[in-house]
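Just the one chain here, laid out as structure tokens, in the form predicted on its own.
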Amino acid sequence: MTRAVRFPRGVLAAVSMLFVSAPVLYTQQAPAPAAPHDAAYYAFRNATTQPPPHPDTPVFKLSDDYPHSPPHPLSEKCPAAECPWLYVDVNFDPTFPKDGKSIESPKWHGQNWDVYLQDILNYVKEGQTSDLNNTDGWRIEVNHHTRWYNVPWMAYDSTAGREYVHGTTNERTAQLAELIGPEHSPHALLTMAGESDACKTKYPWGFESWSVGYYNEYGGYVLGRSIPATGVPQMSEYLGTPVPAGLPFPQGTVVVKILTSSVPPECVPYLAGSPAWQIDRHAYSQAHGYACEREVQISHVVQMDVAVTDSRSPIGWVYGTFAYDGAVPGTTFWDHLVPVGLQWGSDPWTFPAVPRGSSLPLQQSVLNDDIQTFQHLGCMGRLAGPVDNPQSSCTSCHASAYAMPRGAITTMGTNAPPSFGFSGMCEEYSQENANYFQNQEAPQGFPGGLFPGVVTMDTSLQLAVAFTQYGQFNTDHHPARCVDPNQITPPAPREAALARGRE
């Protein structure tokens, strides 16, 4: 049975990413006239709280001037000069045992996967500063025109919604064991050898992760159709199935996400030299952990995720992850950004989607075996980044991006898939795990038929959050009061955490 993950109404679930169809539109229920602000106000405001009158920080402005047409006709393939990764010779087909012969997982070198991800990185870093510094942050303009756009409705939630400095939102709290590896046990949860006492004393509640995502012009075109100037999400049809207007995302769509963590470099040495961004995040105390009150504090860029549409992929998408490593030779931020790997499916023939005795080596994740820093990866070695859930994976998490349409309330685990966790995730073969680690492509529904009312967001968790936040606004007409973040993501008991570190 699925365990409901019931976030307090208005709380933004952990976010990570991502989306052209028939012109038939369904008007959603209008917000109540008594609302203190209309849907457009909440959808397109820059942050949950306004910056002070004279800020001494950068100030984020939502990039929402969405294109009215895609850069190229959607019937044509994105040209090689713009989307070179679509022309890299890679093989997305799985290999299955035959004639008693064993099979291997894809290889990082020699099969062009390293070239594929490097082409995406070259596109993403174009026009950005060499050090991704705090003052410039992420530049939305490339070659004097806007390339990058944000998803609206991310500033509605009072607890974890968009902050005013860099536009980041609060994600899951990362434990130190997920950053430095189990080899440092028994200090894996709180600190690492050499500085364990200081880190354990100063950060008993773990570390916050705040991130911001951007879509390129192809994705921005879809966002403008899904959520127009009224702020009310719109529906249409694709292949006879209701979907948000504009879905699925067309070929050429690129998404980039910058993830920061409050973990200091002295606790995780490989973050030395990583960009230090000012983030208006939850105030912290050693006695009580993270509180609703926000204050500008330093967070370090620890991870960068990318995602691209590719019709050769069985799910229509390819996800990639990079980790910052200050020990790698180089003079720029980009030199220190090390590829972790790529993923183009959730490996439904690998445990826990199948019993252990039937499990096959991974066929839809390829990992960089040159990386030197500890990476916890995801379930059974599937791709996941340093601050991601190690019981999940990039594609399986994003494949659960569904939401209720037309202003209805979305509740994970009740009427929508549990994106971020359920009892036994990755620990046992079960129908829940089989559903969660299945491959799906829009406009397919979530496997298992347990959530018939939700509609696909074509792997975009951010778009799912937007629909969810609109549903909460349409019901309550105003954001809920902030809930202490420690009540949402309480720290794991030390004994259990240390046991995980020894596994």
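Start at 1 and count along the sequence shown; that's the residue number. None of these values were measured; they are calculated from a predicted model.
The form predicted in complex with a small molecule is left out here; the points below concern that form.
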Within 4.5 angstroms, counting heavy atoms, which one of the listed stretches 119 to 127, 103 to 111, 82 to 90, 209 to 217 is next to the small molecule in the predicted bound form?
209 to 217
For a quick test of understanding: in the predicted bound form, does each of S226, V243 and F473 have a heavy atom within 4.5 Å of the small molecule?
no
Just one of V268, L362, C397, C78 has a heavy atom within 4.5 angstroms of the small molecule in the predicted bound form, so which one?
C397
Assert contact residue (the small molecule, in the predicted bound form, non-hydrogen atom within 4.5 Å, options T159, S419, S274, N150) equals S419
Can H300 be called a contact residue for the small molecule in the predicted bound form at 4.5 Å between heavy atoms?
no
In the predicted bound form, does T253 come within 4.5 Å of the small molecule, counting heavy atoms only?
no
Please run the contact check for I279 against the small molecule in the predicted bound form: heavy atoms, 4.5 angstroms, yes or no?
no
Check whether A43 has any heavy atom within 4.5 Å of a heavy atom of the small molecule in the predicted bound form, and answer yes or no.
no
